[in-house]
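The data below hold one chain only, encoded as structure tokens and taken in the form predicted on its own.
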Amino acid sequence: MNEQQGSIVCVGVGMTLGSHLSPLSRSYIEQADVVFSLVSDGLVEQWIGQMNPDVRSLQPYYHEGTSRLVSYNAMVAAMIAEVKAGKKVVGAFYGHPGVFACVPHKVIEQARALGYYGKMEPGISAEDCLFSDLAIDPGQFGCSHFEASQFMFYKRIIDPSAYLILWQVGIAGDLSLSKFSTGESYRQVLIDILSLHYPKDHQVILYEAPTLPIHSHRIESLPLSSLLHAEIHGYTTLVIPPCQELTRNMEVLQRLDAIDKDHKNIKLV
């Protein structure tokens, strides 16, 4: 199917104003007919407005008490309408447009299904900042990531010998998908789930990446049990370091050792 006039490109502006935008993503913003933005701060929105004369915020689509799915669908509809009008549309999203952001995925999928060009450009996400600020190498012990509410709603396999990272802890347990924050009673349920695998005095970390250059990141260590009364925002990430050592799989190691010995014998022959 031939692509029609009109296109959508979703770009990531990174986490910190002015620090993380790639030259290619900036070029897409500057050359767009219309830019839709969903970013972390009003100053970031103004900064994007300096790159293009027609920047429209997607923030007004959020409403307390309205399911976020309704808001997301309205955002997608607004962007698709401009694509159908034959415009070069850019969606500028904070962090990485494909990480914990369903709108970019949905709008690109819909545009492509209608025969329009759709593309995503990566950005520096909160995960990237977290690894740098906390000096975590996910390859050292392994790392599992879950959205906090999804982690609570479903039975997930937890490996206490790896890092466990829970995103959007501030709205953990929100079945309605309409709250901007959840309270201590919801958080207690999360603590109870985690306490099945981690000691209540196990040190966990609350992390927040800076959105403005004048801000610093938040790295707060506290016992798991103290999460109940901790200050947690919608953008706070919970990082749980390993509480167990890695256990060697001796059966697999012996098999691999036998393979190595066979290869050496073959070379000798």
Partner chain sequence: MNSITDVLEKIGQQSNLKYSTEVDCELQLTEMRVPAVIRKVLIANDKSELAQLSDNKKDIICYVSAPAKEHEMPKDDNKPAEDEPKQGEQESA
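Given the structure is predicted, the values throughout are model-derived calculations rather than measurements. Residue numbers count along the first chain shown, from 1.
As for the form predicted in complex with its partner chain, it is not shown, yet the points below apply to it.
Q. Three residues, Tyr94, Ala101 and Lys106; all within 4.5 Å of its partner chain in the predicted complex via heavy atoms?
A. Answer is yes for this spot.
Q) Considering Gln203, Thr66, Gln31, Gln59, which brings a non-hydrogen atom within 4.5 Å of its partner chain in the predicted complex? A) Spelling it out, the residue with a heavy atom inside the cut-off is Gln59.
Q: Name the single residue among Gln188, Ser161, Ser176, Gln140 that comes within 4.5 Å of its partner chain in the predicted complex, judging by heavy atoms.
A: If I apply the 4.5 Å criterion carefully, the residue I get is Ser176.
Q: Would you check, heavy atoms only and a 4.5 Å threshold, whether Ser195 touches its partner chain in the predicted complex?
A: Because no heavy atom of Ser195 falls inside 4.5 Å of its partner chain in the predicted complex, the answer is no.
**Q.** 4.5 Å heavy atom contact, Leu17 to its partner chain in the predicted complex
**A.** Within the cut-off, so yes.
Q) Are any of the heavy atoms in His215 no more than 4.5 Å from a heavy atom of its partner chain in the predicted complex? A) Although its partner chain is absent here, His215 would touch it in the predicted complex, with heavy atoms inside 4.5 Å.
(Q) Contact with its partner chain in the predicted complex for Ile171, defined as at least one heavy atom pair within 4.5 Å: yes or no? (A) Ile171 belongs to the contact set for its partner chain.
**Q.** Per-stretch contact check against its partner chain in the predicted complex, the hit in 83-91, 121-129, 195-203, 162-170 (non-hydrogen atom, 4.5 angstroms)
**A.** Contact criterion met by 162-170 only.
Q) Hey, which residues along 38-54 are within 4.5 angstroms of its partner chain in the predicted complex, non-hydrogen atoms only? A) Leu38, Val39, Ser40, Asp41, Gly42, Leu43, Glu45, Gln46, Trp47, Gln50 sit within 4.5 Å of the partner.
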